[in-house]
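Coming up are structure 1 and structure 2: the same protein chain in two forms, each one given alone as structure tokens.
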Structure 1
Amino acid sequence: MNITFWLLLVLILLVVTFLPRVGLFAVYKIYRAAQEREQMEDALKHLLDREQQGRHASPESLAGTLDIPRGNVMQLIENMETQDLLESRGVELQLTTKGQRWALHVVRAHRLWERYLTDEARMPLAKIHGEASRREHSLTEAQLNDLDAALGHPTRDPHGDPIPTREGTLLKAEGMPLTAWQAEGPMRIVHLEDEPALAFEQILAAGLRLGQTIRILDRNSQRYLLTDGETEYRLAPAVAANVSVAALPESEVAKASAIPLAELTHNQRAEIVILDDAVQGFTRRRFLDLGLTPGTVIYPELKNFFGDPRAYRVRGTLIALRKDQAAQIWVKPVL
């Protein structure tokens, strides 16, 4: 009886372990394959990032980025060379055409996920990078195209980084570090670097945001003093270097004579001047579908006892907008 029991138990364990597709061994193989793929894709992203900076990756830089021993890095490089993803030229590593295409797919997935998590899931900016890093390895090309279309084909992620197109085109990042800015007058924040995380958290804690117009009040070796005309912001130089700025675009000049839609009084008519640059993806597409385009007349109607959302009349139709949405639509009051 005992021998039969133990033989049956051993048989069950063998079945559970080696059953095709769902056995423990099969599940472990799937898990290992997924881990190896993620590591390879992280390596591709590192190589692409270096090439975008005009530099080449090396075994040492790859080991530091992936946080793995040099021996493991050399094995990874050998595997990627076998798959025609990279070429080794001495200590320099360079993407092949196939490797670059794959790397752009992963970067596109990461930045579209960040756009979705910000615009639709309303996730705090400090958390979207980590979540997008976990999700970026899971989408096929077709699924990525569907997500892109659903978000309204955004061109930049919430940090200001360009999103690669489905054809594989990646625009050059805008602006220069705040610490390199020498011109007088106002400038626009075009990128907020999210690494290292501690510096990014300090930028967010200070209250700075993408698309914001600022000017430098004072700078020295200890701090940068900035203002947006209402609030002052203080950053250490090392943190300020993670804020990229550029000259004001025409849209900002147009906003100088406009006010946010949310500030209109009841029945006060206004003409839409521009949608804020921060309005991207699905939200921007929804605004356009509602007819919220430059030159359109709009005004608040039907007072809401609670104040939010608020009803607006546009093109003969009544629509509802939350206060934070109306604050992103710039208008010029008309008589």
Structure 2
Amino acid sequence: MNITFWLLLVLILLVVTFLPRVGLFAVYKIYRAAQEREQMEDALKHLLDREQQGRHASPESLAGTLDIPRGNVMQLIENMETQDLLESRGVELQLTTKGQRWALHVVRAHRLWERYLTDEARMPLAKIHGEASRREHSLTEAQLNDLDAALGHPTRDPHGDPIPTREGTLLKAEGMPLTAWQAEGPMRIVHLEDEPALAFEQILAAGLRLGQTIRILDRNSQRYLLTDGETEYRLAPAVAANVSVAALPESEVAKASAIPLAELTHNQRAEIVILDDAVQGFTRRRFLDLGLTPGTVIYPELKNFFGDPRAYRVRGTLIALRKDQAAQIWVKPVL
């Protein structure tokens, strides 16, 4: 207990603080750099988003989106200008070619992550946006290409937004807001906006999902009343604006006369019409592997004590499916 002890202690503290790469100081610097990069990438996303809507971003809108003080925003803009990521003309901010490429990279990362989290990790839809926002900053271009290939080059994220290709082309978002839809008759939900999260949660809570066929029963300034033929859904107009719809594609017309496999009565033969669009990734591959392809004849043969799962006879083999999965296979009863 003397000088040597204290010297040793100080020495250890110094080493712990200043060790390259793993020391406290170095770790803090890495952390700061990551923070800055994330902020910059969020700013790029905001600019790209505005550009797609045909509006210009401004320091105010940027400060609002990133939730940081104005002083910091000016600093950020200056940094990004020196890196040749954006140009400011007066209060209008514009992406440079380099900035746009980077922004597309981040958007691609975000939407691929969302696809992965939904299809492979089977995370609930309400959670994927936040998780993807945390993960979008960490992948390199090559890693993204690998992820893209592993997912089978998906074209849209689980909300219906187009995923930028590796060359950097970004398709236009499909459909129009529900509030702008004027035509009569059924339509198809092609996009659910995930921001703000509160509105998205209301959409999910109402029970609406991507790919669903709906019809407007009634609309007024208070609420929208929608139906899919069985259930009625209510949405506030502000929330309804976050739901985009488009005209029915051919496949949906076929689905209109079909029923879910889960509702088939015992031993009733039926022909598979289509697998629901909501089934993607792992589950869809599994279904296809088992031979549950359109046109196949199938019928429920065996019931569990509790009615779930049921076993279906298909192509001579017996395959058990849980109710919620059988609800995603559309069939047409045959005699």
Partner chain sequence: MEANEILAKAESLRNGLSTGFRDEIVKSLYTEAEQIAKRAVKTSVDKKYDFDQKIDRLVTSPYTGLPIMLGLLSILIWLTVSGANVVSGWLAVVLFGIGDFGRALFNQIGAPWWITGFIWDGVYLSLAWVVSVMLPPMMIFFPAYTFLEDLGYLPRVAFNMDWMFKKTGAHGKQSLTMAMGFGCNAAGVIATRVIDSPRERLIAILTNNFVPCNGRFPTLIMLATVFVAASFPPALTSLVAAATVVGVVLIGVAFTFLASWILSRTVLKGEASAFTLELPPYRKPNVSRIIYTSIIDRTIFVLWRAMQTAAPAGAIIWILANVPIGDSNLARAIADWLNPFGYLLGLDGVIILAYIIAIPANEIVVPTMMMVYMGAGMMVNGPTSNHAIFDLLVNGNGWTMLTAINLMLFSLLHNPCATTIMTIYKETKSVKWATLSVVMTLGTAIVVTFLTASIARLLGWV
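Rigid core here is just the name for the largest C-alpha set that superposes within 1.5 Å across the two forms. Each residue is numbered by where it sits in the sequence of structure 1, with counting from 1. As the structure is a prediction and not an experimental result, all values here were calculated from the model.
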Of structures 1 and 2, which is the form predicted alone? 1
Rigid core aligned, does the Cα position of residue 264 differ by 2 Å or more between structure 1 and structure 2? yes
When the rigid core is used for the superposition, does residue 48 move between structure 1 and structure 2 (threshold: C-alpha shift of 2 Å or more)? no
